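We begin with a single chain expressed as structure tokens, specifically the form predicted on its own.
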Amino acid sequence: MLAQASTTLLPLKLYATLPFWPLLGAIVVGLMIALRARAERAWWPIVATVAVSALLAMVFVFDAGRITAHESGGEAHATAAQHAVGETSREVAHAGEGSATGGEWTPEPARVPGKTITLFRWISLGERTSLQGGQWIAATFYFDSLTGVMIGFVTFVSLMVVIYSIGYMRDHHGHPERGYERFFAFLGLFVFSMATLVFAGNFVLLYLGWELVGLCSYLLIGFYYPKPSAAAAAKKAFIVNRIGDFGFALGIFSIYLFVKPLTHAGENPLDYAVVFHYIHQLAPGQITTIGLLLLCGALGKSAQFPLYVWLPDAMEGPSPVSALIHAATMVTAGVYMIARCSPIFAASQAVLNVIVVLGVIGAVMAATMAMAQFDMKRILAYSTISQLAYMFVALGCGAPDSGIFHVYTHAFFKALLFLGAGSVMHQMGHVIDLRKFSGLGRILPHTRNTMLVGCLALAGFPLLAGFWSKDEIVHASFQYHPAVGVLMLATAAMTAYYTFRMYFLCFHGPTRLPDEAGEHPHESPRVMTIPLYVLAVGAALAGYLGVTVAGGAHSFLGFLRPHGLLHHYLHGSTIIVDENAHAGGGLWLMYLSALLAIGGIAAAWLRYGTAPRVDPDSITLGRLWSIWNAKYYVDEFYDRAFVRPLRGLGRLCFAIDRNGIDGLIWVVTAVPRGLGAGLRLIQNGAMQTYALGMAIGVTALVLIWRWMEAAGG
């Protein structure tokens, strides 16, 4: 074992196995399907392997600080000799610190430590004469505190979702649903894909994990594929993400094109370490181009304006899938990618401004749309879009650590809320329309209690997880521009309002049940409620990992990375969040944010505390409420502006191919086909026909001979 392993609790190569355990579980389930094993046993390989990954991740979360602290004392860069043994210890040079002069930020390379392990190399981009000659695309994993926090909550929340699915994917008699084994195999593949994305140490492996996550989301959203709406939702998610991913791929190509001329022998122009080292040497236009193209991928994957339309329809998948997509995996990928590539984005203020503008639009739009919906899962879907937009605002305001903090806290309470909605749906015969039931708190007490914690955390109620991370983003947005801060506060108030509108309509008022619920609905089984309580603890307490004694969480992950190195790494932009933002005058924002959250809850109680059958907001707001309920007619606009014209273009191309290209080919082949048809008439096998043909032929020859003789004479 190399000496560097002694600085960590476990060897880095053991941590590097973390993504492959869920993949192993998926393979085992696949073998069980091939061997026709009993379906009800399909859950255990996935639960066991995801649990192993979660345990490794929990250790790594606290080991990441040791890794980065050890690396901060060295100056070593990756060398060819280190590549030869397949494991590299690299002090990554990032463009993360700069000097502000005259309001302009001048990027300078800042050394932020991390470790890279090269698992293997599989594609040569040059002549393999030596390690110094040619470039390689390699499977490399990168280890730092950002990796640790992301993989920590991804695996933990995924484990809770997998355990919950054991009960959810069964009917009321305890029998597995059709496709039970396939569902768990897809879950294992999903966790593997997201873990690969998080651990990736270069842009090629990042893109591979990126696309695998998209594939798994397609498979899981369309799990009930015989249902037309589910199949359509899966296709919509896949196609919309392809739009963003096309830009993302172009961004990676641009990185290679622009960075490669700057690299030296043995350096891969797609490795994070190399790209972040040379990014400050690129022209401003090149950096902006790369940033905007990478942003396209983030907008699609994290469902941000204008590519957010796939996420509400993704609710057609099973509720555990909704929790996995919205809380722990897919939609967090875009935020993670921007935070990981902060040296690139921080070097272009134009790109940061675009991120802020799109984030503000998405936060406000999604919050207003959520206020006028009745489907519980769709309300939570629009809430996810709004909260992700909050994270984008933090990224654009130069506070990526606050954005990652919100990703981390959001994972717990949003997974809790989706699983709670799934518990309601499971007991109400898959009905989740708030107009069809009320007063469920008496029937589902455990679901009600845990969802109350999740709703409070989402609303930003003081001292719960969501309060701390949301407060950091509000502070950062006010430092960026007061107008942005005001809009973030308004969004926070709306979030509290629509969250408890949903809660009161579901659990308060007289008990009303849909016909699909049966005669004796009851609380969900323990295999479903225990994960709810575990996530409820996280929704209440997870935020304290990022809170310092002085208040705030600007030093989030500082407990992993000594001396605030991550803060300097992530804050390489024009807007630097003040470490003392909570002191003095900044404290009033915290109080105001808390008052708005409480005020939103109180307003929801006044309007919906009795769970009225007629929505009072629809009467009060009138046409505005109708616009929100119709989701600003964005889907209809996209259908008319893009879908129908593209379908028409497709029909035109098909008609040209069928009538033009195929028609031309038919004309060209008509002559030999006609000759062949004529010859077939005389080739009928009758002797008299052949004799007649010979007689006609001889007669014709004689006549021709006589004509020629006469003409010559």
Partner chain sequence: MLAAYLLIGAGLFVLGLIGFVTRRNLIIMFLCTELMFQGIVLNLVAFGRYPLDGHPTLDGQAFGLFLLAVAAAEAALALALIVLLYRYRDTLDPNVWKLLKDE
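Note that the rigid core is defined as the largest set of C-alphas that superpose within 1.5 Å between two forms. Because the structure is a prediction, the values reported are computed rather than measured. Numbering follows the first chain given and starts at 1.
The discussion below concerns the form predicted together with the partner chain, not included here.
For the chain shown alone, Leu692 is a contact residue for the partner chain in the model of the complex, at least one non-hydrogen atom being within 4.5 angstroms.
With a 4.5 Å cutoff on heavy atoms, Gln683 counts as touching the partner chain in the model of the complex.
Taking the partner from elsewhere, Gln688 is found to have a heavy atom lying within 4.5 Å of the partner chain in the model of the complex.
Partner proximity in the model of the complex, defined as non-hydrogen atoms within 4.5 angstroms of the partner chain, places exactly one of 642 to 650, 27 to 35, 675 to 683, 659 to 667 at the interface: 675 to 683. With the core superposed, Phe20 shows a C-alpha displacement below 2 Å between this form and the one not shown.
With the core held fixed, the Cα of Leu649 is displaced between this form and the one not shown by less than 2 Å.
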